[in-house]
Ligand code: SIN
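Before any questions on how it binds or moves, here is one chain, the form predicted alone, in structure tokens.
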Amino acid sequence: MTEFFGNTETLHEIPVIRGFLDPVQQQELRNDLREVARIAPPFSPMTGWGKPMSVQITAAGQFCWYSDRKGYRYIEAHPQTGAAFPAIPALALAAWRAFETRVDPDCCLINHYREGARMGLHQDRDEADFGYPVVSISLGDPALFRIGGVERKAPTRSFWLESGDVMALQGDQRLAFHGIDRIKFGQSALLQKGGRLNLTLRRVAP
């Protein structure tokens, strides 16, 4: 469906819809995410070796990705409150539907990058069916996105994601290693205290 958007770029085989959300829509989605965070407060998952991650996360939808000493997995209740996660905001669903129309996502993972936060190279492979994409929405400060291949040691390439951009990992790129090397902290006024919100929509269940 990306052919309907005139500002779609293909960067290193990755489709990126520049400015999918205009400034007003970005503010609307930010406000929706504040309500998500009120119901499901952000938390910092632990790595397998017991160190807190530099990003804070929460989620909307049925599932939230989770990590601790037991490993990586999806959970259906907030790890601190025990409550179910709230519904996925409509603007986030619209971004997913730009790439996938067969079924809606059941997880919208929300990562908050503060100053100095990053995300190491990783694969999204805890889902049941890799035939569905992982769709990413960027809000706030620009982020340097890095992507490699399906092997960890494959060469990598990088490009910047701006607030309002939407991209998808799909097809041959669905299991590519990827991460965030850094953000340009304070470049955007969208978030009151600066930083970046990254929403990743995915289909977890079969």
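Residues carry their position along the shown sequence, with the first being 1. All of these numbers come straight from a predicted model, not from anything done at the bench.
Absent from the display: the form predicted together with the ligand. The rest refers to it.
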Out of the stretches listed (69-77, 110-118, 96-104, 83-91), which one is close to the ligand in the predicted complex, meaning heavy atoms within 4.5 Å?
110-118
In the predicted complex, is there a heavy atom of the ligand that lies within 4.5 Å of any heavy atom of residue 145, even though the partner is absent here?
yes
So, in the predicted complex, is residue 180 in contact with the ligand at a 4.5 angstroms heavy atom limit?
yes
Does residue 202 make contact with the ligand in the predicted complex, using a 4.5 Å heavy atom cut-off?
yes
Along 129-161, which positions have a non-hydrogen atom within 4.5 Å of the ligand in the predicted complex?
136, 145, 161
